[in-house]
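Next up is one chain by itself, shown in structure tokens, the form predicted on its own.
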């Protein structure tokens, strides 16, 4: 069983606690920023077809199996993906190495995620200065910028965002003695470290129980406001339904500022692009956190007879509610209502949508300073619940391989994480390092890891073990066809997506790396992080081979 250094077991305090923690891990910037940007950048409503397909045939069965795999590893005394995969793979070092992929992925994502988290904090506080200004409590985080966030034109918002993230040149954030963005980033690193340091129940679960209701309340309030907005200009093509149509119509007309049809997007053209299928599948993986270490790590802390099937279903449903119903509705319709269909051109980047387009909208909206504060405060809380889950797999790995206490593991993990954050904060020209990290680690790597994890679950750990694990402690009858879906539907689907994308796009991606020193430096850092994690995986396997098999690691549970 898992034990801390003082001999006491670490587990979630309640079933609700683990559901809220895993839901918090899934509900984050991927729901409220990344998802609307992916929809807009990949054909609008046409993108929702591969998205829904990926949800049904990959995400739901994969999440269910990963929950079962994680709890099995926890009963064997492991909480890191390396240890969990090692135990399920018959104590083979090869499968521990696979666990290194799903340990290093969230760790690297957390390196740039905390940077974006700091942007949310800055924007929330800046808007708060505008909200408090009428009360005589006016303040601003930046010289030359008035309290709140209001500019006369779109260029003002774009310039503010560029200055905040240092987009003009590499090292821009380090040119001042005290950069607001760097201070905010350090504050976010400290919050993540402190919550992870406090442990599973006293830190992560405590914060998620507190933050989740606030996120829900803020999201509902913003949604209600967006739904009740009127078309401010009366120009055709700028209603709330037009915004919904952009997101849900597979084939749609493209309008200009006057509402005239200038082009048409065809669903078949979009669906023939393998990049769209890769983006949709990766978005599902990113938002639900499957094959990114967090789910199996969190599941490993469940009580031995905790219901994994119910927890998986509840957390996946919560994530999809926040992503599709909340994330999509609060961003795209409002932007189209106030800025018109041509605003879709600014959706190409998720960051442009969240930090440039939407502040434009809040500037035109009645009580926009208040709604801007509420939106970015929501993003900040959601980001924290996700980023703490990205540290936990590495914390668990240091505990298992180096026999460190949780406190020292959290300190070491946060220190290494901050090194990567420093790389992202330095290479800020056009957000070069962040884009490299995001594509290769958040888009491509999880899908490769998912293919390998499916092989482990279906062909090594085995159908019988998975079914028995799902049945153990189940309050609802688990679907036994999950294994068949994984074997005969999910596995070939993911393989085809990766192969077709590689055939069409890998050459251009490799050329980008060849042409960019920033990309080369970023990938080198990713490679070093992976080498470190693989080394720890080897240490774990060698240590476990020298100890008795006290936990019967390869045995299947009795239902």
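None of these values were measured; they are calculated from a predicted model. Residue numbers count along the first chain shown, from 1.
This next part talks about the form predicted in complex with a small molecule, which is not shown.
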Inset, instruction - Would you mind picking the one in 70, 30, 44, 50 that has a heavy atom within 4.5 Å of the small molecule in the predicted bound form? - result: 30
Legend entry - Interface residue in the predicted bound form among 315, 389, 399, 192, criterion: non-hydrogen atom within 4.5 angstroms of the small molecule: 389
Legend entry - Candidate stretches 101-109, 207-215, 457-465, 419-427 - the one whose heavy atoms come within 4.5 Å of the small molecule in the predicted bound form: 101-109
Legend entry - is_contact(residue 84, the small molecule) in the predicted bound form, heavy atom dist at most 4.5 Å: no
Legend entry - Residue contact check: residue 289 to the small molecule in the predicted bound form, 4.5 Å heavy atom: yes
Inset, instruction - Using the partner position in the predicted bound form, report whether residue 357 sits within 4.5 Å of the small molecule, counting heavy atoms only. - result: no
Inset, instruction - Check whether residue 114 has any heavy atom within 4.5 Å of a heavy atom of the small molecule in the predicted bound form, and answer yes or no. - result: no
